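Next up is one chain by itself, shown in structure tokens, the form predicted on its own.
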């Protein structure tokens, strides 16, 4: 597969799919690691003498965070020494005119691509290639670059359509993500996984794959997946009780076959009168909701990772957004930062935690992937349609 380094970009108009999707709080778009990383890609491409047309999405139709990309352009302008022009259009006359007049080393950001009716149509990649969205933009641009690993598991026009009709290559972030995830199975042993977050279905699927295929030697749990494992093994979480029925059979099978390689929390943290309190799992339930792993668990996980050569963390270990409950995620990340090991951090919430807790995405760990669902699918060895079309 060609990469962006193999293509002469000088004097060309390059259409770049990036991921600027962010949290919207109180009507304002939050600056995220994704936006910072993709800003660097746009800057690098401009340095090679091309004009850049950026294509991205924000939210989904019908949701509160579905909005235009004007604020995203403002954030990019603050990050870059070059001007980013927001175009409140996608394929209309304004967009076409602005692209045609685009100078080398300048950047325009088209509006939220999901506002175009073609983007989310349920059709084949070949049909996406025939869409008005793809046909129009491909006529005004020379090369397509996909740098958004986080959307590569989606068959959407801006992901799979352009490679049907124009020269297309992966961008630097996408290329690095693919290489890093593929490296996991060939990395040094022992390999430990730390799985948290709020999507137990994904974590359980990763566990089944990694344990059955012998990829992971040990898996440590936190977040909601850790809570659900505790509940299936008979612990009552009281106010934080989850519906475990859909996971019970899979979890029981995992514990029966690989119980010696699965580590569950020994204690949890909850909030009482605005303060962090902790409870051993044998003393559950408590009246309040739990929000984090406890100190004993934190220290155990910090001790255990010393014995690994490869460590992959996917998902925060607690509700790091609440100051009293960032301890688990922060302490484990700080330990991983100090290790001379291959450390991969993956998932959208994980990268947010890395940034929000003051870690450096590029310096503190071997690699931080900004993708969520695509990262999980890649770990599972599934083909990502957005990558396959580039081949």
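Positions refer to the first chain, counted from 1. Please read these numbers as outputs of a predicted model, since none were measured by experiment.
Absent from the display: the form predicted in complex with a small molecule. The rest refers to it.
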item	value
Segment that reaches the small molecule in the model of the complex - one of 324-332, 24-32, 53-61, 39-47, heavy atoms within 4.5 Å	53-61
Residue among 224, 240, 154, 235 with a heavy atom within 4.5 Å of the small molecule in the model of the complex	154
Option touching the small molecule, based on a heavy atom within 4.5 Å in the model of the complex, out of 150, 112, 146, 160	150
Residue contact check: residue 266 to the small molecule in the model of the complex, 4.5 Å heavy atom	no
Close approach of residue 199 to the small molecule in the model of the complex, 4.5 Å, heavy atom	yes
